[in-house]
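Consider the single chain below, provided in structure tokens and representing the form predicted on its own.
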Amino acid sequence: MTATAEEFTARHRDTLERALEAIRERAFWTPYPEMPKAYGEEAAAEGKAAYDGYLGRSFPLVQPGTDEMVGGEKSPYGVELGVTYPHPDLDVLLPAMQAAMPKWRDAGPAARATVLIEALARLNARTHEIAHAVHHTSGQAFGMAFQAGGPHAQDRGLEAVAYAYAAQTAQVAAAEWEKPQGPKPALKMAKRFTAVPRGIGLVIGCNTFPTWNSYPGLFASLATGNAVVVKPHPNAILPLAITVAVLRDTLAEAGFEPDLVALAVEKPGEGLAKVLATRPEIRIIDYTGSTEFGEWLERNAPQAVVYTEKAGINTVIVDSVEDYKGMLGNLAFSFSLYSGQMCTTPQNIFIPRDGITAGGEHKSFDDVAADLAGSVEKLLGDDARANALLGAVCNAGVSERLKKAESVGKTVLASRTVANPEYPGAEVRTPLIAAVDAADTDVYTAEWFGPISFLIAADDTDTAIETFRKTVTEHGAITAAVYSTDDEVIARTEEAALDAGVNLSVNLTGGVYVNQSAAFSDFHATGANPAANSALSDLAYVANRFRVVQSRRHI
């Protein structure tokens, strides 16, 4: 039995209303459980079986313009997936996607939103399956792949839907206009206001977070009436292929053309992202990845609105701290999570060269360095725990940077290789921490993506704050943090963060980490510094994906 769009609207209207309330209140809320056991006793086995069923086969996706099947993903854990996917003839696929948009546009914001919430509910039900796909394409440890690839990504998708609905309904859909004319009859007009899409959106997926980074743009563009072609990273196709398949099925069941969403997988070396990005049909682009390619998109796709999240230099300032052990543990976890392969991982930690006050005691720069190294070693001393936190190195570039970092500054903590007995082919590496001087700007103003952090000796806290302000303004950052028991220092750091346009965390010592953000409450990036030109999610992220067109007549 199939459901209509009207039935989906009735089913999910309350969820939409609650999501709208959540983006206003900014308090904790999620409809998607993050604990695996919440999905039922059979879900884990069923999800693993579903994932295994894809391996070594052609992915079951039928869409217009398929000219051959391509693929070649190899898991960072050393497993060949052997899955092949449709390769598109763009001259066939893109016109089919354009033809699907008018009915979707005419359905209106509420119908679009609730159909997409139905798709998210179906994706949520398949979280175990998606988690295995994320685990084996990104190298994330399974627990992280489950949460970040599943419910946390779904949260970000729903958040984008809520913002899109709010933006499109900021004005009424229809109005009667009456202008008095003194003794003459009043002028009267009936006016209609329709949110119309820009065209086809392009989502360019990344290797490290294939769903979490793709869902906001994907769902924001669909919710505003656009079609979307999804171009996955060549090493992380399967999670987005599953997503596209679920969306196509949901759209078809609701009475819309499934070609509103399509998958575009490239041949080796084809450079399909560049080809797609410069097609005239592509009017919106969402991209997460390197600064180099992000800037290429911004320069070379003038026909499209381009949303980018690029590289940044995430910074921590340590001035003084009451809970020294809590600070060390918090930073150690932040360095270690997913081997630092997150756009939010702290890289530059500024510490006064004369040391800090910690719990009323003086700690020298070398004391802090040694204690921080010890905290990481303690956290990762057990290989089973280390594997659960670190995951696997996702590409050779991370390994190359680690090798290069061995000769930079003074190594405070060397990176070691951790054996993974389940996957002997995986490269698992612990963080490298090096001490450098504030004068070594060539070192710490470059991005060292991966498990690499620098402890930077600054003349004093004020110098650290000013260097933070300058480096983030010039090079960008997604996250920043400060540790201080002095309210004036915190205030100056907050002012510097406002000037540089970066989100700031203050005195994190508990179970919240600088490299984590919560949908519906935390904004991810700001769009106010070079690391990203947009924020996940705010009204600016959705408002330029559509335009309001009016029709008026006398009555």
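When you see a residue number, it is the position in the sequence shown, counting from 1. Predicted, not measured: the structure shown is a model, and the values here were computed from it.
There is another form of the same protein, the form predicted in complex with a further copy of the same chain; it is not shown, and what comes next is about it.
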If we test each of R416, R299, K403, K410 for a heavy atom within 4.5 Å of a further copy of the same chain in the predicted bound form, the one that passes is R299
Can you pick the one in D89, E466, E178, D382 that has a heavy atom within 4.5 Å of a further copy of the same chain in the predicted bound form?
E178
Examine V196 and determine whether its closest non-hydrogen atom to a further copy of the same chain in the predicted bound form is within 4.5 angstroms.
yes
Might L55 be said to contact a further copy of the same chain in the predicted bound form, defining contact as any heavy atom within 4.5 Å?
no
Is A167 near a further copy of the same chain? Define near as a heavy atom within 4.5 Å, in the predicted bound form.
yes
4.5 angstroms heavy atom contact with a further copy of the same chain in the predicted bound form for Q63:
no
Heavy atoms within 4.5 Å of a further copy of the same chain in the predicted bound form: which stretch in 373-381, 217-225, 187-195, 71-79 meets that?
187-195
Can you tell me which bits of 484-514 touch a further copy of the same chain in the predicted bound form, meaning any heavy atom within 4.5 Å?
I490, E494, E495, A497, L498, D499, G501, V502, N503, L504, S505, V506, N507, L508, T509, G510, G511, V512, Y513, V514
